[in-house]
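Starting off, we have a lone chain in the form predicted on its own, written out as structure tokens.
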């Protein structure tokens, strides 16, 4: 059985404050835990049903009932296993030799998770988030990544400082008044794709760092594209050139 203190501890990690204080986060569900086990993350504890433990008998686990697992889960229906994992310091890899993604004040967990999954699909290794973007360890973000979280570097820092310290990079800003991306020559190396906030777009203080303004042309009547969808379309254009 899981103790009351264990329940309180695991449930506290649903809040960013306690995830940060304890340097831990939660991964749950068969798919994500399988990805976790193939990564270099350090696992603090695993809570699992007898069915999952039977298939993974080599691992040390706390056996719990389905009801107990549900009591510590962030999912509507708990899925056999939940792991408490130690956070680690992400390191940017070779920013000057590839396309990177920068996210300015992104707020929606689903959008961040989808963008991480998109980056993994297109081979983008680095995502640089502004310090006020949604927390990557948010359970909704992790679920939306479908495991891609374990293969992409996500760092949080001042974007203005990052751009100031990396002036050799070509910063492409996704803006409504940008050039048609389908008619523009794009650099797939030494570059950053900057995506803005869901409702306000790219911050005014970051616009001076943009060297190339790009946009996705509108053929219908929608006012805008979802930022995660737009990121996927733009990444596709970068990699196919």
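Numbering follows the first chain given and starts at 1. Quick caveat: nothing in here was measured; it's all calculated off a predicted structure.
This next part talks about the form predicted together with a further copy of the same chain, which is not shown.
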Within 4.5 Å of a further copy of the same chain in the predicted bound form, do we find a heavy atom from each of 117, 151 and 239? yes
Among 28-36, 43-51, 205-213, 58-66, the stretch whose residues bring a heavy atom within 4.5 Å of a further copy of the same chain in the predicted bound form is 28-36
- Contact between residue 23 and a further copy of the same chain in the predicted bound form at 4.5 Å, heavy atoms? no
message: Can you tell me if residue 90 lies within 4.5 angstroms of a further copy of the same chain in the predicted bound form, counting non-hydrogen atoms only?
response: no
Are any of the heavy atoms in residue 218 no more than 4.5 Å from a heavy atom of a further copy of the same chain in the predicted bound form? yes
*According to a 4.5 angstroms non-hydrogen atom cut-off, is residue 229 in contact with a further copy of the same chain in the predicted bound form?*
yes
Contact check, 166-183 vs a further copy of the same chain in the predicted bound form, heavy atom within 4.5 Å, ordered by sequence, gives 176, 180, 182, 183
